[in-house]
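Given next are two forms of a protein chain, the same chain in both, each as C-alpha cells and marked structure 1 or structure 2.
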Structure 1
Amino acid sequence: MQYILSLDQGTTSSRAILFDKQGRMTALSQKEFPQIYPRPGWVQHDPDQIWTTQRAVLKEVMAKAQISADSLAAIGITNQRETVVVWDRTDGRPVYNAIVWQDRRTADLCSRLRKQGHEPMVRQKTGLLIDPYFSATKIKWILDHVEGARQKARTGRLAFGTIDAWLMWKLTGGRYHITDVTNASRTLLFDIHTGRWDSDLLEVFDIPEAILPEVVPSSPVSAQTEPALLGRSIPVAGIAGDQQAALLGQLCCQEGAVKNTYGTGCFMLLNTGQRPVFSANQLIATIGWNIRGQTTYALEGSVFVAGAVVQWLRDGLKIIRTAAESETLAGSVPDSGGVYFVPAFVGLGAPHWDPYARGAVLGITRDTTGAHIARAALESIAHQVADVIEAMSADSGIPITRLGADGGAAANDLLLQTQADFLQIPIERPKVLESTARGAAYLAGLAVGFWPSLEALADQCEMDRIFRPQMQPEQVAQKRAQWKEAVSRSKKWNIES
C-alpha cells in the first residue's frame, strides 16, 4: 500500500494524482472535457463526460506509475463545488446536464427570494448569500423544467448530488448516495451549525428531501469502489470541495491560517477554527472540513478576475505571448509609473460587490508603456487579494501573519513579491502547487491510517520559496490608498445598460 490516489474533478478538466507516504506527487494524469454554453449566462457539463474522463485518468495514472490496485491504500475525492447533477436512481442516468457553478440562469429567482425577505434566515443558517452561484436554485430549476422530474423527485426516484456525490455513485456502482459536509455547505440547504439538511431551507428553495444524499464527514468516509472498476475494492475514504481541500493541502490547520489560490480568479480561505465567522463585508462562512467528528470552519472571499487579467494582456491587448512573459515585461520597469489598473471586467466581487463596475486604467501619461500596464495588471491582482485579506482580518478579529499561495499564477515571483509588499506579511509558496489534490489525499490517507494524524504531516509541506516584504510601509500605504481611489472610480460604471 504505497499510494493514495486523489481524484480532482475540476471545472475544465478531470485529474488523477498519486501521492506517496511523504506527500510527494508521483504521477499525474489529466483530461479536459467540453464546456456547454446553450445560452448566454448558462454553463453546463455532461455528467457522463465528467465520469468517463475521471475514470480514464484514474486508470491512466496507474498505468503511468505502473502500479495495480494492490498498491493503493485509498482514494480521495475533491471537486468543483456547487455544480449540481440530478439522476434517476433506477438506471443511474442524469435527467439533465450538470448545471455548473458559473451558471446565472437562476438570477431572477434569487432576486425574488431576496425580495421576499429570506436572506437573513438563509445567511444565518448557511453562512452564504442567496446567489445563483450556490446549488439550491439550480436543483429547483431542473425539477421545474425537466418533464416529470418533480413528481419523480417527490417519490424518491431521483437523486441529487454535487460532483463528489455523482463520482461516489459511479465509483461504487450506485451503492452509495453520499456527500461530505464541505460540499453540503455550498448548497444553501445545509445548516452549518447543526451539520444537517434543514427543513426551512428545503421549503424556501422548494426541494423535496427525498432527493438529498446522506451527509458524511470529510474524513473518514467508509465507501468502497465496486470491484469491477480496478479488479478489487478500494476504500474511497476522504472528500472535500476543491477550495477547502486546498486549504488542508497547504496544511492551514491552525486558526488564523489562510491560503490563496491564484488561478483565473482568486479564492481565499481563512481557517476560523471551531466557529463560523459571519462577515460584515459579504464574505462567506463555510465548513473547512470535518475530520473525525470535529468541524473546522472557514471564512471565504473570492476575486473574479486575477490570472484572467494576464490572459487579457495576452489575448486582448496582445502585449505578451505567454502568461509567464507578464513577469518579464512587468519586471522591465521598476514600478507601474503611477498607473493603476482595476480589472473589473465582470464587476467586482468581495469586498466591493459591485456588479456594475467595469475595468479602468488610470494614471496614464505620455511616458506610459506596455510594461507599466503589465506591472499595474500584476499589481491589481495583489491589491484585490489585499482588499479581501484586510476584510477577513477585520471580520474575524484574527490577525493574518502569513499567506500560503498556490494555483497557476503563483508561479509568478514578481506577483508574490508584490503581494508580500502590499500585505506586509510573508507569502509562502509550497513546492507542490497541487494543494487541492493533496488535501483530498490527506483526508483519505488519514482515514485509513496511511498517515497517523494531521500533526504528523507538518513537515510535508515543503516550501519552494518564502517572499518577505521589502517595500517601505509608507510607500505601501500610499499605493494602497491610490488603488482604493482607482477602485472607487471604476464603480457603478455600467449602471444604465
Structure 2
Amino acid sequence: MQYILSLDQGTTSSRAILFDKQGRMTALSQKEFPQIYPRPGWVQHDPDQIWTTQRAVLKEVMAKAQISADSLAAIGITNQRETVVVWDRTDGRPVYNAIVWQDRRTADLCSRLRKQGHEPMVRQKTGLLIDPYFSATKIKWILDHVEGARQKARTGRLAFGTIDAWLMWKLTGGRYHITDVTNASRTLLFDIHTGRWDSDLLEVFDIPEAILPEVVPSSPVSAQTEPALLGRSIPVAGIAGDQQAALLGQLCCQEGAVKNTYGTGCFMLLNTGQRPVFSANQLIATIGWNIRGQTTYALEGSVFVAGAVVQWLRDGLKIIRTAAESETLAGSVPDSGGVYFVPAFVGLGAPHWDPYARGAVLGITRDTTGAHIARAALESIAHQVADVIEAMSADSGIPITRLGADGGAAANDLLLQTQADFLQIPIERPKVLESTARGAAYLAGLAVGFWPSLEALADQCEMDRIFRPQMQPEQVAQKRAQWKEAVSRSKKWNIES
C-alpha cells in the first residue's frame, strides 16, 4: 500500500496527513505551536518551533499508520503564505523570528511606497497591492533592523524563504533553497506574467537578489529528503501555498469554480483559467498553480480574521471553553440582537485593505448577552466572505452560483447556514474538509504518477452537506447594509498622529 504524505504547515499548528489513492485521509497528526505578539499588531513565530513540530508530526503520523518510508510515494508541502523567514546559509539558523502574514508593522512603509507612486507598477507585475500582508516589506524590515543582516544578505550569506522554502531547506539538510510559483507570487517580488523574480521590484523594496530561492513549478519532483530523516530519501514532489492547494484540493479545476477556506482567516479563490483578472475592487490576481508547464491563475480575496475571532471568544473574552462551543452558544439565541462585530484585530483585508482599522462591537444594549456577541462573531465571518464574493463576481463578470467550503470552521453548521443566507446561494461542504493538505497531496501524486491526471481525480470530491438559503432577501439586505455601516466605523482607527 502506497501513500502520499502531505505536510500542512499552518498559522497555528503543523500537521502531517497521509492520503491513499482514493484521496481519502488515512491518518493525521497535529501539533500547535506558540504565537508571539511582541507589540500590538506584530505577529511572529519561532522558525525552529515550526520545523520541530513539523518533523514531529511527520514521524508521528507514520507511526500511527504503522508504515515505513517504503510506503511513501512522495511528500507534498503546503504552507501559510507570505510569512517570512531569513536564515544564515552557513549554520541554518534564523536571524530573526518569522514575521507572520498577519503582522502589520510595515504599514507605514507601505503607505510611503504608495505615496511615492510605486503601486501601479507593482500591481501590474505582481497582481498584488502594496500591503504589509505580503512578504517584501517584512524582508526589508528584517534586513534593516537585524544588525549586520543587510551586509550578509548582499554577499549571499543569508537566505530568504516563505515557509515552504524553510521546510524544504530543513527536509533536505540544507541542500535545496527552493520555492514554488504560488508562494513566489505572494512576495511582491515576482512577475506573474514572466514567472521570474523581477529586478524593478527588488529595487523598489531594496532587497538583494542573492537571498532569493530558486522558483520551481508546483508539481515536479523538486528535491529528495535527507536520508537520515526517514531512513531513506523520499521525493518532495509538490508545493503550493495553502489557499492554492485548497483550490486544487476541492478540484476547482475549471474556470469559474470558487472555494472558501474557513481557517484562521478566510481565503476565497476563483479559478480564472489561463488569464489573470485584475480587480477594480482591491482583490488580487495570483497564480493558482503550474502543472506540467501550464499556469492556472486565480482571483483572490483574503479576510484576515475568521476562525481567529472564535479563538478570541475563547482565549480573550473567555465566554466559551472550546471553539466548538461557539456554535452552541450562538445558536441559543435566534439572532444577534442587533449586535455587529467587526473583527479587525489586525486591520481589514479585501476588499477594504485598511491596515489601520481595528475591532469594534456595535449595537450593544442592556439586553446583550455573551450569546449575542458569539452570534455576531460567527455572522462577522459570513459578512466578510459575502463582501469578497460580491467584489469577485463584479470583477470577473462571472455570476457565482455556488461556493465550496473547507477548513476547520467549515464544520460549524450555523456558520455555513448563515453564509448561504447572506450570499443567497448554496454552500457545499465536502466530506473531506482537509482540502489544503489534499491539494498538496494531489500535486505530489501527479508528479510521481500516483494519479495519472487531474481528470482522474474527478470522482474524489464527495459532498457531506449542501446548505441552501433560508433567510428572506429583504432581511438579508437589511443585515448587509447594517454590517457595512459597522465596517465604516472601524476604519482608520489606529492612525498615529
Ligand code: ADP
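Residue positions are counted from 1 along structure 1's sequence. Just so it is clear, the model here is predicted, and its values are computed rather than measured. What we label the rigid core is the largest C-alpha set whose atoms superpose within 1.5 Å from one form to the other.
Working note: structure 1 is the copy from the form predicted in complex with adenosine-5'-diphosphate (ADP); the remaining copy is not. The Cα shift for residue 365 between the two structures, taken after rigid core superposition, is 2 angstroms or larger. Core-superposed comparison between the two structures: the CA of residue 205 stays below a 2 Å shift.
Once you line up the core between the two structures, the Cα of residue 487 ends up 2 Å or more from where it was. Here the two forms are laid over each other by their core, and the C-alpha of residue 337 is off by 8.8 Å between the two structures. The two forms, fitted on their core, place the C-alpha of residue 303 3.1 Å apart, compared between the two structures.
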